[in-house]
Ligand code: PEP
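We begin with a single chain expressed as structure tokens, specifically the form predicted on its own.
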């Protein structure tokens, strides 16, 4: 197997990068058996396993800790697979560096703390290890960016970002809401960094893995990080979201890998894109005009001592626009989302006008 780690930074045509393995290392036999079952997947880049698994509440299985490194090294010796391990504190980083782990990742609950990320970055300072940074558990793009910047500042050259979804008030049917717009923006800001998707933590269920994986491929992500266990129904952690090696092989073989930026495009596609650009220009002009009218409304309300927010009027507007949008075959949630944003900006502009001296 090729041991040059730089190859993960190249999008693999028709072969998305795959990092797979159990949520938790439970025993030597479990790791070795899972790794052997996964090793036949051509896209498999690295074998993952959690050694330190603090749970939300204590008392459940919290990982085997450092002793699992010996089992992982046996996996590497027998299969040639690279090894990926989650680290949550500087001591984990130091242990993994000493053991020769190829890839470490910083989890969603760790990324939320700049203090801890900074300490881990210092522990990894100047090393050649590959570091994966998951998005923070809350939808805060700046925290995600901060994690990348702290690793870069520490001289880490091999960086990967991982989208694993976000904790949100309403997230059904997902364990963690995808909020695809956030990883898309992260990809725009750091186009040089590979981005993997973690369907296991987004979906929280085996039944959703294929759908999420396909969506991530359609959005141009470079690969997948999926939890796979030799006997998922009896796993000690995250039973519902782990998939068997056979199931994972089927999932990967069923993915449709489409061309993205950089490939040649047809004249027809270019024509469509030009049309989109023209429509967007009109949309922006109309939005600008709408906000000008909102400011005029703000002046009128100020003159007549009316509150910016008129609940009855807003209810009528939203109901009407959703009805009109539906007649034009536009999704109700899409229309509601757009108009809530427009209304928020309108109120902001009216408020600015009304607060002027």
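Numbering follows the first chain given and starts at 1. All figures in this text were calculated on a predicted structure; none of them were measured in a lab.
One more form of this protein exists, namely the form predicted in complex with the ligand; it is left out here, but the text below deals with it.
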| query | finding |
| --- | --- |
| Contact label in the predicted bound form: residue 201 to the ligand, heavy atom within 4.5 Å | yes |
| Proximity of residue 225 to the ligand in the predicted bound form, heavy atoms at 4.5 Å | yes |
| Touches the ligand in the predicted bound form: residue 28 (any heavy atom, 4.5 Å) | no |
| is_contact(residue 108, the ligand) in the predicted bound form, heavy atom dist at most 4.5 Å | yes |
| Residue (of 92, 206, 150, 134) lying close to the ligand in the predicted bound form, criterion heavy atoms within 4.5 Å | 134 |
| Residue (of 36, 302, 53, 321) lying close to the ligand in the predicted bound form, criterion heavy atoms within 4.5 Å | 53 |
| Contact stretch among 206-214, 249-257, 99-107, 276-284 - heavy atom within 4.5 Å of the ligand in the predicted bound form | 99-107 |
| Residues within 4.5 Å of the ligand in the predicted bound form, restricted to 78-99 and counted by heavy atom | 86 |
